[in-house]
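Next comes just one chain, in structure tokens: the form predicted alone.
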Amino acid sequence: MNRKKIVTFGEVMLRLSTSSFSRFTQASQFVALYAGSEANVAASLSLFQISAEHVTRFPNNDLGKAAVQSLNKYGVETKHIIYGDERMGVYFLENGAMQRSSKIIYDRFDSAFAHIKKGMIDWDDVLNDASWFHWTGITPAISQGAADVCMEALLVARKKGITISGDINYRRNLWQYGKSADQVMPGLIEYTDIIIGGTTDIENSLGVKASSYEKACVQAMKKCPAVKKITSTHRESISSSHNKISARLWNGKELLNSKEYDLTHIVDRVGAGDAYMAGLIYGWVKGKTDQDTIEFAIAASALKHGMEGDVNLCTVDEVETLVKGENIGKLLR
């Protein structure tokens, strides 16, 4: 394990999914897991043998304890997690198949994380031995308190010279507390070194409209000079079961593109973006070039589509084998 840890911050929810490919109206039981975008990144990095810690706020009950245990199972450090009297956020998942789309229903209002406030977390202590801090656009969309605490973390991370990444994914339905994304996100992105987002995310977060991804990235960097790299995945959805994915990265000088993966018979696509993010962090922490990093990251994302749950359970060797095009789909023994 690396001495310097990666720290992620965000809400973890109880995921309740229908068994197999059942519809909500058919379900008589649900499969329970605990997951959150940022925590998925930490879990994947831990499985890549990179030291990772997740910071969040849980309800002070057995569901909170179970969520902590689920993170510990992947080797994620949880010593700075805090607790409150409110509830656990929940989301329900119905996996689509063929031409039927997947569906997610969120039930996260008034969660313990939504009630987080400035001063509750000692970020100086949390980030004391960190080399990287990761946040997403989901967190500041949940509540003013969550946005304030995210900014607290960014200010401390910047002061300590820690690399900061932000997946600026725009979730329109989450922004319900009186602020819009374009009012909050620019201030957070201002302190971020690497952002992950497509043209829609960039437009909704920074107000940047452009005719191409490259032009959007150029304008975003002019608006937020601290940003050094912008990347995203590109997905072509042929059906719920069949997608094609690739990645692109603007490093301030040129637009790099990864190879494309043709994914048929998808098992579970939730968490694929988090698998990509973890792959990016792994590649750059290990000193890979930008091109090699996005190839590793998109391969990790591709593999995630073949397993249930939010977390990419792959090892580094499995990802690198796919990058090289070896042992694809073979029976290994």
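Residues carry their position along the shown sequence, with the first being 1. Because the structure is predicted, anything quoted here is derived from the model rather than measured.
Just so it is clear, the following notes concern the form predicted in complex with another copy of the chain, a form of the same protein that is not shown.
Proximity to another copy of the chain in the predicted bound form, taken as heavy atoms within 4.5 Å, picks out 260 to 268 from the listed stretches 50 to 58, 260 to 268, 276 to 284, 290 to 298. Heavy atoms of Glu94 reach within 4.5 Å of another copy of the chain in the predicted bound form, making it an interface residue. Shown alone here, Tyr177 lies farther than 4.5 Å from another copy of the chain in the predicted bound form, counting heavy atoms only. For Asp107, a non-hydrogen atom is located within 4.5 Å of another copy of the chain in the predicted bound form, even though that partner is not displayed. Using a 4.5 angstroms limit between non-hydrogen atoms, Lys324 is distant from another copy of the chain in the predicted bound form.
Residue-level contacts in the predicted bound form: of Lys73, Lys118, Lys215, His234, one residue has a heavy atom within 4.5 Å of another copy of the chain, and it is Lys73. If you take 181 to 205 and check each residue for a heavy atom within 4.5 Å of another copy of the chain in the predicted bound form, you get nothing at all.
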